[in-house]
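Next up: a single chain in structure tokens, the form predicted on its own.
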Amino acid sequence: MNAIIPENHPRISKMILKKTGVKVKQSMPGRMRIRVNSLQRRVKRAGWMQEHLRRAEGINSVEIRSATGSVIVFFNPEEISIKAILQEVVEQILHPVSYPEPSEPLPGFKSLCKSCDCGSKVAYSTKLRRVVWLSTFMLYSVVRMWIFRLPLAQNPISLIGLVAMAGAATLLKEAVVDVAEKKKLTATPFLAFGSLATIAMGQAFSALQIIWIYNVAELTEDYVGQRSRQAIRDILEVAPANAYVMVDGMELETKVADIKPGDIVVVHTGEKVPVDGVVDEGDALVDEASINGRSEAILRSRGDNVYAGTIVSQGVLFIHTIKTGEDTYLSHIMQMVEDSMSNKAPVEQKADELAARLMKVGIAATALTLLLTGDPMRALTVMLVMSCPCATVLAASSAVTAAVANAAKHSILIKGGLYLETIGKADVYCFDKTGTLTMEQPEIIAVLGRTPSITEESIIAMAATAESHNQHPMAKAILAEADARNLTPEPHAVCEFKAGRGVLCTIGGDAVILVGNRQFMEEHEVDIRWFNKRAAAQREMGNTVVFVAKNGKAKGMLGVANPVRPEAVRVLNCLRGDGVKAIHLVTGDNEEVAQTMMNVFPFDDCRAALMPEEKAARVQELKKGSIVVMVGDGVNDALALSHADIGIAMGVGGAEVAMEAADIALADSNLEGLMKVRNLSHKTMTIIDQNHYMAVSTDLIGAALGMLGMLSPIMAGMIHIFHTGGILLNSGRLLSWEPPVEPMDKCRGCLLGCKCGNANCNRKCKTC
């Protein structure tokens, strides 16, 4: 549907348009879309272009698309021509005129600024430059003092003194913000005051050490947050880039961004639905797992609602567009995910709590030293020892970094230390079903013949012959079963698919095979009453029933289901053994399927047929007094994942939007990762406690030695180096530690249901 620039535009040549980076992407009476390269992601320039075009006579309105630099112009063809509009665009590019910024955000930029983190990117870049700058002078000082053994001037007006004061000024600004605005008591004020006092007393290099270590630790913490925000900003675009729209009886390809309410969109087999709308014509099987998590495709026909992001598994739909872009249901869900993530209450870090206590001890120790000894150098030494941020930063951050690396080695992605710490305390777990507790690809689990003489192989062979060219998940399951049994489908002459019902094929000239559901068999007058009880039994187990008939007579029945992950039941019992109080099932599948899962898993409760917002509401309800973990894999789980205290997404086969909304992701889709990450959390907290003990004890011993005059400021710096090295070595043990799958404080026998007789086991043995 892209337009070719009219050749009869004498003043707007293709060369001029190419030179100015202007390209006509679409043109129709009253509306045209132009790509302007110089406007891409430039808010102010786009605002000037919009205002310039609005002033032109005959132009009704102008829209700017932020990501692509597109300019969409709505105009009156009787008052202004396409040539005149292009001339206005080129004129503004060649001779830009500055206009006041519009009072309302430009269309497209409002949503962009909501989802991006421009401010945080600038802050991160500033901190990075600061660390590089401080590191340069640290290296210069070390080389001069320890390698060349040259004296280093450390007074306030020396080079190192000026650099340290510049770093301390930034630290002082943060301290003012923490105390005056955020009303938080952290180590920052003590660090700032200690640094300035150290510089004033001619120990600028010691102050530079404090400032450098603090900035490196802060940059490391910000890096993790920056990566998480980047992941959210790059969240999955579930709608396709292009779609087919009916124009004058023809299917014309156009950009999804240009589709308007009222347009008729055509979606074929295997394509994603780009808009919210109502089926105007046609019928098709639609995979709605991205919306409701249901494992089976749903038949949609005239009058049914369809949603952006769903996939047409089989058939063709002509959809009357109702909502597009940010107005679609799925976009609304994504926006709620972003809002939920941005509104999470900040949790105070354990290191800050320790810092507040150390700050009080440090101030008291420094003042007491000065009061008792009257020696400023002794007081300075005590201050240097107590103001070192090792105890408040490295003790926790080094252990968390090692733990995150360990988790990544086991295909577990953790987006921050807060989630690593919280997951070990979680006492309520919520699970989605499809793709989480069950495998993504369905399998044949039951094959029943009409009579004993009809073998399972013959039934599978007939079904595989009929389904050999079908792309439906059920067909893939049948073909996989045939391949596993070394059965080859027969060639067939005629094949007719009925979306949502079944398939008919003719083999050998006159033999007709039917494979489908009850409705399909009834349409072809096939008697399947003999299978009624067995079919009902399969449905009670949550399985899908497929009938196979030949020449008008029923031959067999297949039970198809998404099999339960082999490790799932054991992992849930291990969670019980590790102190999890309640485990809930929240699924978009129907009640029958949910009840089947209740019979297999140790769930305390289940909620079925839930839409995304209902899942999120259930998670929110369970959060009262508990730490809730939500485990899911689809777009329909994303909102619940973001509402939970900890969201855990399954990787393989899972939707990227769920991966980005989650706090932890199991990249290999192995549920054993749930126990591994809990045990890793327990181990990490133990290491952090050891690090805190090491850091605090050396600080207190160093302060005591400083008060007694047995420690100089340089020796105080050496203490920092030694105990920092000890903390890093202790944290490094996490890199090679293998997290077990079973709870670390429970015996394996109890979890497996045996009578172990272990007197140290505090959980009563019972059958799983």
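We number the residues from 1 along the sequence you see. For clarity, every value in this text was computed on a predicted model and none was experimentally measured.
The same protein also exists as the form predicted together with a small molecule; that form is not shown, yet it is the one meant from here on.
Contact annotation for R501: at least one heavy atom lies within 4.5 Å of the small molecule in the predicted bound form.
Contact check for D287: no non-hydrogen atom falls within 4.5 Å of the small molecule in the predicted bound form. Looking at T310, you'd find every heavy atom of it more than 4.5 angstroms from the small molecule in the predicted bound form. A residue is said to contact a partner when one of its heavy atoms sits within 4.5 Å of a partner heavy atom; A192 fails this definition for the small molecule in the predicted bound form, lying far away. Of the residues given (K555, R378, R618, H472), H472 alone sits with a heavy atom within 4.5 Å of the small molecule in the predicted bound form. Here is the short version: of A662, L674, V382, V515, the single residue with a heavy atom within 4.5 Å of the small molecule in the predicted bound form is V515.
Looking at 254 to 262, 132 to 140, 585 to 593, 619 to 627, the stretch with residues near the small molecule in the predicted bound form, meaning non-hydrogen atoms within 4.5 angstroms, turns out to be 585 to 593.
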